[in-house]
Structure formats: C-alpha cells, structure tokens
Ligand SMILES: Nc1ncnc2c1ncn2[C@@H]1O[C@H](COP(=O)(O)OP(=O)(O)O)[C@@H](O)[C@H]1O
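In structure tokens, the next block holds one chain alone, the form predicted on its own.
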Amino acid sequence: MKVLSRQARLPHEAPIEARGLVKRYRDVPAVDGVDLTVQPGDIYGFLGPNGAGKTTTLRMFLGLVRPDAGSVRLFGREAAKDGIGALQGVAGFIEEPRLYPYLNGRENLQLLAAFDRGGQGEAAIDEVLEMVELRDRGGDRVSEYSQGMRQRLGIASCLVRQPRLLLLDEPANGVDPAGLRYMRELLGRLSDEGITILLSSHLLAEVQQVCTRVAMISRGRIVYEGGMDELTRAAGRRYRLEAADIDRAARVCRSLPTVDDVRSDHGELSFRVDDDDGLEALVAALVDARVGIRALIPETDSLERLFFELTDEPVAVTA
C-alpha cells in the first residue's frame, strides 16, 4: 500500500470558514460577527475566557445551533444548507464527551461504529483504542474511568469516524498534569496523520504548547487571529537576571539593540528580548564583560498579560 505524505493527505478546501457569525439569546449577542478561517493541517486554538462565546461558536460549526446571521462552511460546504453533507469527515464533542457510564469503553465505541461505519467497527475500535492508549482498559466500565480516560475515550469516539476535522471543546477539563502531557502528544500525532484540529480552551498554556494558529474571542467578538509564533513575538520574551555585579549587567543590557525594557529593582535585573539570537548575544556580551551570571530565568507572564489585555480581563496576580 502506498503511503501518502501528510501534505498529500490534507484537503484543498479550508476545513472551517466562518463569516459574520451571529447568535443572540434574548437579544443579547453570545457570538457577535465572528470571522475566522481554519486552514488544512492547523492545530487551531480557539482561546477566550469562560462565557466569551467559544462553545456557542462550536455548536454552530457542528450544526447544533442555527446562527441568527452569517455563514459557516466546512470543507467548502455551507452547514446551514447542506447539514449532513457538510459534516462528512467532521467529528468532535462539546463541553465533554457523551458516554454511557454503565457500558465499558469498547461497547461505547461499538455503538458509534455500528452507526457510522457499517460493519467495519471492530477493526476501527482496536485501532483507536490503541491510539488513545486505552486498549487494556477497553473492557472496563466508563464509570470506573478517570476524567482523563473519559476525555481520551471521547477522542476515540471521534476517531472511529475517521475524521478530517476534529473539534474539541475544553478537552483538558479535569485532566491531571500527566494527562495534559499525553493529550498534547496525542494531538500532535493526530495532526501528523493529516487531521485538522480546532481546540477550544480558556487555558493559555495549553493552547500555547500545542497550537500552530490561534483566535482569541472576547464578549462574542474575535480580538486576535493569527499564528501562535506571531502572538508570542507580539508579547515579547522577558527574563530575570541575577548577577554578581547588577549595575555592570544593566549597562551591558542597555548597550545592546536586541535588548529592551531593562529594569533594575532590589538587586535583580529584568529585560525583554525578541528571539533566541538576541538572548545568545546578551549572554556572550555579559561573559565578555566578565559579569558573573548567577541565574537567568524566563518570566511567563508576558503572553498572559497580552491575553488579558486583548480580552479585557483583569490581569492575574500571583503571590
């Protein structure tokens, strides 16, 4: 069997095109003129605080809610006019997977496979259980699963359909750190298989580590759409430096064009650089100036602050 490259497996049409999407409840807009495009092969982060309109938007993508205005196209097909046809090759879940707790994992997938795949179920079930690392627990009741296992079984229930587009609403909810790491690895593998993924989340760190492109939504409106690397550059990269001679270190920092926003406070120095080259140049300059470096620590709040500014949320303060 000829194995196609990932690029050859990707569709030519945009998996999702939303234009002017509006949904109101009692005259209050939950989604207010959303425009976004998910390109083939994206791991696309749909990011925003709780109540921003993420879930309502996903419901419209999946045909679960009819928009009051605007349009959604899935692989070039308009969802409102060609509902079943537009959803061919699309799978996902909203808020959390809907599973039968009194059945085991395999039985849950058998029900879906019988409905969707017409006799090809068992082979598909073995494959997807292996992919989500639940094959050894497939005979256990779902009521005995951890939250992370239920989320993985939910993804398996989507994969039984052999989707080209996967929509996941807050898949990290209730998942422990080990489960989060596994989830990131799984989404990367699925992307390598040519599946386009839209991941809705209110967790910036989750989106930052796995997504290639991102849209931020606030109060039903898109406030940013673009590459994750572009967003990271816009936020800048800030570091804290502990040095033997903080005054000399500050002079070195201020002498370099690649270093800006240099601040010195209580024996510590902080600054911003735009990329790894700028950071390497600074370290080399400090060594040449014989400045003893005790610690160089990346600060994590730059991107968070940009997120809070764009979404008009109060900046988080940690003790």
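Treat the numbers as computed from the prediction; the structure is a model and nothing was measured. Don't overthink the numbering: it's just position in the shown sequence, from 1.
Same protein, other form: the form predicted together with the named molecule, not shown, and the subject of what follows.
Trainee: Find out whether any non-hydrogen atom of residue 52 is located within 4.5 angstroms of the named molecule in the predicted complex, and reply yes or no.
Mentor: Contact with the named molecule, yes.
Trainee: For residue 30, is any heavy atom within 4.5 Å of the named molecule in the predicted complex, or not?
Mentor: Yes - in the predicted complex, heavy atoms of residue 30 and the named molecule come within 4.5 Å of each other.
Trainee: Within a 4.5 Å heavy atom cut-off, is residue 266 in contact with the named molecule in the predicted complex?
Mentor: So residue 266 does not count as contacting the named molecule.
Trainee: Heavy atoms within 4.5 Å of the named molecule in the predicted complex: which stretch among 266-274, 249-257, 281-289, 43-51?
Mentor: Answer to the contact question: 43-51.
Trainee: Would you mind checking 13-36 for residues with a heavy atom within 4.5 Å of the named molecule in the predicted complex?
Mentor: Heavy-atom contacts within 4.5 Å come from 25, 26, 30.
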